[in-house]
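A single chain comes next, written as structure tokens; it is the form predicted alone.
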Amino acid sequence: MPVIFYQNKHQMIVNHSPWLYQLNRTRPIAVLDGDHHTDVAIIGGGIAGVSTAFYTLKNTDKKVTLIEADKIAHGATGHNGGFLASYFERSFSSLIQEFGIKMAADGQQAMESAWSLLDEIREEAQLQTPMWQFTGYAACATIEEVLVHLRNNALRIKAGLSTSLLMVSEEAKQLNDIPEMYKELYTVLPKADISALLETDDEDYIAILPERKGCMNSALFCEELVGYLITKYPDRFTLAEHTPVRRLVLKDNHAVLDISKTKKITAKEVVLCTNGFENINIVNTSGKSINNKFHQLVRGIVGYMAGYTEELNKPPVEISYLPKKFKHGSDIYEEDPYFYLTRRPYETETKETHNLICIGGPEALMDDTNNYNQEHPFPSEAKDEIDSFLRYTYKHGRKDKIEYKFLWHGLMGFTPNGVRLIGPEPLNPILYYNLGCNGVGLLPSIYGGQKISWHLAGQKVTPSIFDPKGDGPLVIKKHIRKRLNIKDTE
């Protein structure tokens, strides 16, 4: 573990994402005719780059150029799980250990503020992209996971943050092992109620944590928002698609982006929103080299997802599962497998609305993110794992043969400490970062766009857990640590 799925010989269909399938783009490709000058160059046309462009145009009077190597939202933003959440994929207690309780609390509040930012963008731009908000659930199969949630919730209350009551099965054998100090932080429910909320009859689950969650087609969101920016800021916003940046040269007061042998973009400031996966040669002529550091900041994980449609007879939901075990053919895997499932209405090509069930979980660590090929077919091993999860855990997914409408994969990026990078590069402050998915990247990307705009507007920005400051300790949630093959540091 992790299994390198993308190197197998038994492949299925090509990478087929439901978000791009639904895009129905009519806008022509936007290209640059020649050399170009701008105030702010934003590299990356996914949700991070588009959100950064929105807030920079809104909060400053600068000219903004959004640069995308392919087409808007056709990278990770068009190949993700499509759900919204405002948590970190590491414990709140570990954030306190690294940053202190004040900065950890401020960081968590910043993530939660992104819900309001998303509403602000949707209202101001009058976006029609559907979004669903609801209570989702994180399932616990062990008393250790229960105690982690309770300890985190106790610390959240101490830090002045809101929290949700953990729901614990009254039949759980370990109920008496919960310390008295946590008695106000959980409630007891019949096991049948726990199973009903998790939509499973797997007897291993003993508790659930309710959390605010949501679903959205982030590719459709980005394409629609870009259309708004083109119309709203015709004199200050430029879009450049099919424009890969080969080389980025940082000087004292400006940067030069080499697009081709004959085409360049000159910018006063640059924001990287690509998670570091593009093959960009960064040269800093105004200080120490940052090229090697940049390429080592983000570790790539390929996530594999599948989706199928069913009758529109259940409400939207998102549930994450960390089962003790799950059946895969004749074997039982006990290496902390992690799966997540979302359900939301989805309009088909016949304009009929069904529920779309999306499942993710199988993953593969990339030693070199530049080797990732978005066009690589979907591997049969990943499909088999998803099949097994559905049949063993999700009670509505037990079918003789599951007919997937979509099988897709996308590249996620994890910073060394599992916290997104948002802010200026210490070795040359004309370069900014809004990158590094922490596993649930839609809302953090939006918050990052707002924060970058504060920097670009010349505002005094309070130091935070998101500030780029070099490699930190690998303190990441247990199942992420196992996937990254790193030692437990909590």
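Remember, it's a predicted structure, so these values are computed and weren't measured experimentally. Residue indices: 1-based, along the sequence shown.
We do not show the form predicted in complex with a small molecule, though everything after this point is about it.
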key: Contact flag, P244 vs the small molecule in the model of the complex, heavy atom cut 4.5 Å   = yes
query = How about F83: is it within 4.5 Å of the small molecule in the model of the complex, going by heavy atoms?
reply = yes
inquiry  = Residue-level question: is T274 within 4.5 Å of the small molecule in the model of the complex, judged on heavy atoms?
reply    = yes
request  = Using the partner position in the model of the complex, report whether T65 sits within 4.5 Å of the small molecule, counting heavy atoms only.
outcome  = no
task = Choose from 423 to 431, 22 to 30, 450 to 458, 36 to 44 the stretch whose residues reach within 4.5 Å of the small molecule in the model of the complex, heavy atoms counted.
result = 36 to 44
Within 4.5 Å of the small molecule in the model of the complex, all of H79, I280 and S445 (non-hydrogen atom) = yes
request  = Find the only residue in G418, P379, G307, G75 having a heavy atom within 4.5 Å of the small molecule in the model of the complex.
outcome  = G75
message = Only one of Y394, Y137, Y186, Y340 gets a heavy atom within 4.5 Å of the small molecule in the model of the complex. Which one?
response = Y340
